[in-house]
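Shown here is one chain on its own, the form predicted alone, set out as C-alpha cells.
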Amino acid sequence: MVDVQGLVNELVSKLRRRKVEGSSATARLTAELLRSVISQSKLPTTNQPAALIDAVRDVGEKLIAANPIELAVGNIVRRVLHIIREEDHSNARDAVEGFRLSVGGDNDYIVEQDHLNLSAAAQSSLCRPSLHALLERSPDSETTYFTATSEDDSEEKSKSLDQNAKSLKFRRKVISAVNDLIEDINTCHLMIAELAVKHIHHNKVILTFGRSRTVKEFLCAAKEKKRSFGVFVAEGAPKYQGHLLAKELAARGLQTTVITDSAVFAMISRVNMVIVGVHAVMANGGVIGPVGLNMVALAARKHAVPFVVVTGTHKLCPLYPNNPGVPLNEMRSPSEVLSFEQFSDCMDYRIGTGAPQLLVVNPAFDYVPPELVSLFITDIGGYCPSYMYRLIADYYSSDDVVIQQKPAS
C-alpha cells in the first residue's frame, strides 16, 4: 500500500523549499501524485465522484499553498477535477440512455404487465401474515415464503456487486484520463516541434529570450527539416540561462548569436520573428515569463515583428491577472545580481545603523499583456490570444476555477 500522505508531504516540502521549479516539472509531479490519491483513496459506496473531488481538492489546496507562484500546480489540480466531473457526467448520460432503451419501442404492454406483477409481488412480500395463515400454512407455502426471502437477499447481493463493479470502472476511467494528461505533459514539446516547419522559413532570423526546452526543440525541428536560419539568443540576466540555450543550439548545428538583454532594441530590426517560452498563460491571453520578456515584446511591437509564444496546454491558467490572490511575481535572492562580498560595505545591516545604503531588487517574472502577443503555438495547434478563453473552457470546470484555501488553524 502506497503511503499517499507521505507522498503529499514530500511534494509539499519540495515545493515550499524550491527543490522543484518550473511548469513542466511541477505539473508532472502534481499529476502523478493526484493519480496516487485517486487510486488509493477510500471512497463511500454512494456518491463516489463527490468524495473523490473532495479528496483531490484537499490535496490541491496544500500543494498550491506550498508555492503559489507555480501556477501549473493549480492548473493540474483543476484539470484532474474536471476529468472527474466529466467521467461522472458521462456515466449519468449512459445510465439515462440505457433506461430509455430498456423502456422504449412497442413494449408498453409488457412493461405494464411487469409493473403489475412487480406490484403484486411487492405487496405479498411486504404484507405481514396473520396468525390463522401461519397455523394453516402448508409446507409448500412455507417453502415459497422463504424462497422469496432468499431471492430478495440474492438480488441485494447482485446490486452490491454491480455497484462495486461500476465504482471500479469509474476509478479506472479517471486514472486512465490522468495517465493521458501525464503523457501530454511529457510529450507536449515534441508535438509543438512538429509545427515548426509551418512557421520557420529559409533565411529568417529568430530572436529568443532565456532558456526553454520547448523553444529549443521547436528550433531544432526546423533545422532537421533543412530550414536555414539564424538565431539571436538574449542572455537572460541575472541567471544567464540564454548562455546554456545558445550552447545547446550551437551543438545541434544552428547558427547562434548571443546578445545582451540591453541590446534587444538595437538588434530587433534585423529579426523576422520572436519565439519564446513562458511560465504561464492567463485566461485573458496575457503571459507570465522570465523577467525582461515584456521589454522584448515591446521591442517587437515597435518594429512590427511577430511575437510568438510556444507553450503546452498544461500552462493554460483559468485565472485572470487582476484576480485577487493571483501571484504575478516573486523576489529572488539578491546574490543572483550582486555578490555580498564585493558590496558588503554598502549593505550594513547591523542593529542601530538605520537603513542600508544599497538595496537589491531581483524579480523573477514579467507580465506581457495579450495585445503584445501575436500567436500561441500549443501542442494542439496555433491560436490567437483572444481564443484562449475557449481553450480554457474545454479544459476546466467553472466550479473549480477558485480553489478555496483553508483557514490556518
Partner chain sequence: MEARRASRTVSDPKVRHVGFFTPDPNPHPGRTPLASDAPVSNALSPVMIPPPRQPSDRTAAVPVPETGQRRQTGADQVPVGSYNPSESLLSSSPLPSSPSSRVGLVDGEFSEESGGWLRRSESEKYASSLPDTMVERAPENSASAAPRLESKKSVEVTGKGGKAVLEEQNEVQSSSKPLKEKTTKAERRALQEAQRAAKASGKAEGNKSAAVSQGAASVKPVKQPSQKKDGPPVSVSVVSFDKKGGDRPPEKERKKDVPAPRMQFDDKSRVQKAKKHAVVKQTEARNRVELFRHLPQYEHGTQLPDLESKFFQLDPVHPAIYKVGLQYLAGDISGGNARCIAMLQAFKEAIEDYSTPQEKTLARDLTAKISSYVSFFIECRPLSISMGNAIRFLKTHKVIVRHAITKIRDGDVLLTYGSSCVVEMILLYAHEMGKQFRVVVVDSRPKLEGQALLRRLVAKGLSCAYSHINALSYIMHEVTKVFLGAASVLSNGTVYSRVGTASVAMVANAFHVPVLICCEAYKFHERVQLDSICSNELGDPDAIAKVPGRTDVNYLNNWANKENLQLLNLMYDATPADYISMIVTDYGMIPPTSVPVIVREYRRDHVFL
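Positions refer to the first chain, counted from 1. Quantities reported herein were computed from a predicted structural model and do not represent experimental measurements.
There is another form of the same protein, the form predicted together with the partner chain; it is not shown, and what comes next is about it.
In the model of the complex, every residue of the candidate spot (Gly236, Gly292 and Leu298) has a heavy atom lying within 4.5 Å of the partner chain. With the partner removed from view, the residue among Gln255, Ser176, Ser90, Asn203 that has a non-hydrogen atom within 4.5 Å of the partner chain in the model of the complex turns out to be Gln255. This chain is displayed alone, yet in the model of the complex one of Leu168, Ala304, Ala266, Ala95 has a heavy atom within 4.5 Å of the partner chain; that residue is Ala266.
The partner chain in the model of the complex comes within 4.5 Å of no heavy atom belonging to Tyr383.
In the model of the complex, no heavy atom of Phe229 sits within 4.5 Å of the partner chain.
Contact annotation for Asn362: at least one heavy atom lies within 4.5 Å of the partner chain in the model of the complex.
In the model of the complex, the partner chain sits within 4.5 Å of a heavy atom of Asp366. Annotated contact segment (heavy atom within 4.5 Å of the partner chain in the model of the complex): 240 to 248, selected among 279 to 287, 240 to 248, 78 to 86, 193 to 201.
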